[in-house]
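One chain comes next, on its own, written as structure tokens: the form predicted on its own.
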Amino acid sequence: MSRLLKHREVFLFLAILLVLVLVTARFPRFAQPGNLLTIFNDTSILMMLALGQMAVILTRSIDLSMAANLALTGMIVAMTNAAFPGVPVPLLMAMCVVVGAGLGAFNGVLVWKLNIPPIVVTLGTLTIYRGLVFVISGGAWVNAAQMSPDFINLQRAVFLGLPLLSWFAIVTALLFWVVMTRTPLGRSLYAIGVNPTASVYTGINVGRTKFYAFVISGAVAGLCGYLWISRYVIASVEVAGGYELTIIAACVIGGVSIAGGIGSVAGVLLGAIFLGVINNALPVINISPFWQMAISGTAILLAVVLNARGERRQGRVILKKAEAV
């Protein structure tokens, strides 16, 4: 049992169960299947964004511009839909992915070709993308009355008992699992995070692989731009403001090391679900919004401490093996 608890996924799963049990003891409706499916659906966009962020963090980088990318692509697609309501929604979604991937590629090129630290690049593009949202919209909103019914309702359609939004998250998670565990690109992302110098000697192009990671995170953010706008039926400059910290928090709680090279798809999904359960549980038990922020921050801090301890323990194990040789 103690060995199982050392795995972040098992620990998180038990932590989620504990929260569910504690809240359900006072509010039995909280753990009803319908409410749990609602929490999963509410967390779907966060899960997808966190998976995109994981691809970047694994390479010892970070993408602070994901939420701004989401807001910009969301505004572009909302304005396009308002101006041309006859354009098919799948085509608009494809446009979101292309635009988002292009914005991610811009980050990647700056990191790859100019060798600028990712945190500096994405902090700058965060501001640029937010500014572009204001420029193209003139500071105006696009609301539900300006959007077509198909644009709003597609993700709400139910398939096999789940809204399509949930299916988007499930399919994205499966694609990431395949890429991370079954492709050379996935292995390269992990290898760069573990040891970028050794990766070069094994034939991995570190700069190009980081570029691909940023393109992936950008494409995911672009797709989430449509999903966010159509879910909350409003596009504005303030969309997803500050959400980049929530995305990174889901990764950290899920066991993704900020130092790179460590993390799993299952861990990220559970990290996002943990935040989703906490965010839904705290209002139910009448915790004030200020305490909700403090509790969420404490959970993130504990996750960072657990990550640091885990990485130090792994380092000791590696040293012991080296000494034994």
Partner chain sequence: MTDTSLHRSLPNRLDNPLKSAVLSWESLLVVVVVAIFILNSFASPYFLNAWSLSDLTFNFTEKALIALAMALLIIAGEIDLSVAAIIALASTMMGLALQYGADTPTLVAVGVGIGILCGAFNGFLVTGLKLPSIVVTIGTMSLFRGIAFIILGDQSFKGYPATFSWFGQGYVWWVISFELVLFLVCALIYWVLLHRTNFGRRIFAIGNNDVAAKFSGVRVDRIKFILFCLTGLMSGIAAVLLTARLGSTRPSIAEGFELEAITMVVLGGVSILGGAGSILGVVLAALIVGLVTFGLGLLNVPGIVMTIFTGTLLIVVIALPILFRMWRQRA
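Residue numbers count along the first chain shown, from 1. Everything numeric in this text was worked out from a predicted model, so none of it was measured. Under this definition, the rigid core comprises the largest set of C-alpha atoms superposing within 1.5 Å between the forms.
One more form of this protein, predicted in complex with the partner chain, exists but is not displayed; see below.
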Report task. Considering the partner chain in the predicted bound form, find the one stretch among 126-134, 97-105, 216-224, 179-187 with heavy atoms no farther than 4.5 Å from it. Result -> 126-134
Requested in this report: Given the partner chain in the predicted bound form, answer whether the residues Phe13, Gln146 and Asn153 all have a heavy atom inside 4.5 Å of it.
Outcome: no
Query raised in the report: Of Leu164, Ile234, Val237, Val89, which one comes within 4.5 Å of the partner chain in the predicted bound form, counting heavy atoms only?
Result: Val237
Report task. Heavy atom within 4.5 Å of the partner chain in the predicted bound form: which of Ala191, Ala169, Val252, Val142 fits that? Just give me the one. Result -> Val252
Requested in this report: Would you check, heavy atoms only and a 4.5 Å threshold, whether Val200 touches the partner chain in the predicted bound form?
Outcome: yes
Query - 4.5 angstroms heavy atom contact with the partner chain in the predicted bound form for Gly297 - result: yes
Requested in this report: Answer yes if any heavy atom of Arg208 is within 4.5 Å of a heavy atom of the partner chain in the predicted bound form; otherwise answer no.
Outcome: no
Query raised in the report: How about Trp291: is it within 4.5 Å of the partner chain in the predicted bound form, going by heavy atoms?
Result: yes
Query raised in the report: Can you name the residues of 97-121 that have a heavy atom within 4.5 Å of the partner chain in the predicted bound form?
Result: Leu110, Lys113, Leu114, Asn115, Ile116, Pro117, Ile119, Val120, Val121
Query raised in the report: Just checking, between this form and the one not shown and with the core aligned, does Thr38 shift 2 Å or more at the CA?
Result: no
Query raised in the report: Superposing on the rigid core, do we see a C-alpha displacement of 2 Å or more at Phe27 between this form and the one not shown?
Result: no
